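Have a look below at one chain only, the form predicted alone, in structure tokens format.
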């Protein structure tokens, strides 16, 4: 177990960061956030926030930090496809640049938020970290390139950990409804239905509580540890997730939901093994689809303002870049 750390979290005001930063502080770490605040700031008031682009900081900013966690970048396929150029800048170049200047500044560890999307579309296999990453779409490719850039810098003085996370869902102060379980929950509450784009597609689902736990484990693990780790709460078909949402609303809310199956082709289909993370990091997931839905009931509920565009990354992203273009 490492001593308490001074940690910079890039993208720390986002969906995961808004849960992770308070957890890091609770563990006794000193945390600073680097974020452009596209989605606002729901962090505790005592957290220091540097509102700058990653490319506008230098080694002087990072001197004195023990670890850097990279949560920044574009977060899903719709954003990547809306602006492939910005996607590759944010997801490939930015983490490599930040890791490079962190290493020069004397930071001892860099933790990168990768994605299971790097695996792309696979047939009925359970994939480990040695499996070929076959994504052929902008988001998955950019996350793989970012991972390559940061892992290349690893040596005996600079630990690098990449977490290939499943699709995250659950409550955060900076809420999102463009993630599988969260989206199904939102539509169940607002439309009385469950929409399933393709019931046969496999996804590793990651409860946000498990995502936070994985980062805490990565921070605490000895500096001799580096590597790529799959992180998930479990593998499910999209159809199975939809059925669990339907059952939840029937049992907990007494509501019978309409099930809408669209059979839309999907670019992602994969199952992952988390054995390496369990063995080396001590990561043991406890979240389930049921626990995610229970948390959403407790923290969101039926009266939440689901229509606010800030809860949908692509809407904020489009508006942000439309405004930038109009000023140029």
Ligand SMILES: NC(=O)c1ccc[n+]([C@@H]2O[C@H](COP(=O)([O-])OP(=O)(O)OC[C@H]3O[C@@H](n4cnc5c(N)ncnc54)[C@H](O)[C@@H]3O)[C@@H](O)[C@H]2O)c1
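Numbering follows the first chain given and starts at 1. Values in this document were obtained by computation on a predicted structure and should not be read as measured data.
Keep in mind that the form predicted in complex with the named molecule is missing from the display, and what follows is about it.
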Practice item. Given that the partner is absent here, state which listed stretch (109-117, 234-242, 183-191, 218-226) has heavy atoms within 4.5 Å of the named molecule in the predicted bound form. Key: 109-117
Review point. Does the trio 11, 167 and 174 actually contact the named molecule in the predicted bound form, every residue with a heavy atom within 4.5 Å?
Key: yes
Review point. Only one of 259, 37, 280, 264 has a non-hydrogen atom within 4.5 angstroms of the named molecule in the predicted bound form; which is it?
Key: 37
Study note, to complete from the structure: Assert contact residue (the named molecule, in the predicted bound form, non-hydrogen atom within 4.5 Å, options 52, 294, 275, 284) equals 52
Exercise for review: Answer yes if any heavy atom of residue 139 is within 4.5 Å of a heavy atom of the named molecule in the predicted bound form; otherwise answer no.
Suggested key: yes
Review point. Residue 80 near the named molecule in the predicted bound form, any heavy atom under 4.5 Å?
Key: no
Review point. With the cut-off set at 4.5 Å between non-hydrogen atoms, does residue 207 touch the named molecule in the predicted bound form?
Key: no
Check your understanding: Even though the named molecule is not shown here, does residue 16 get within 4.5 Å of it in the predicted bound form, heavy atoms only?
Key -> yes
Exercise for review: Go through 58-76 residue by residue and record those having a heavy atom within 4.5 Å of the named molecule in the predicted bound form; state none if no residue qualifies.
Suggested key: 70, 71, 72, 73, 74, 75
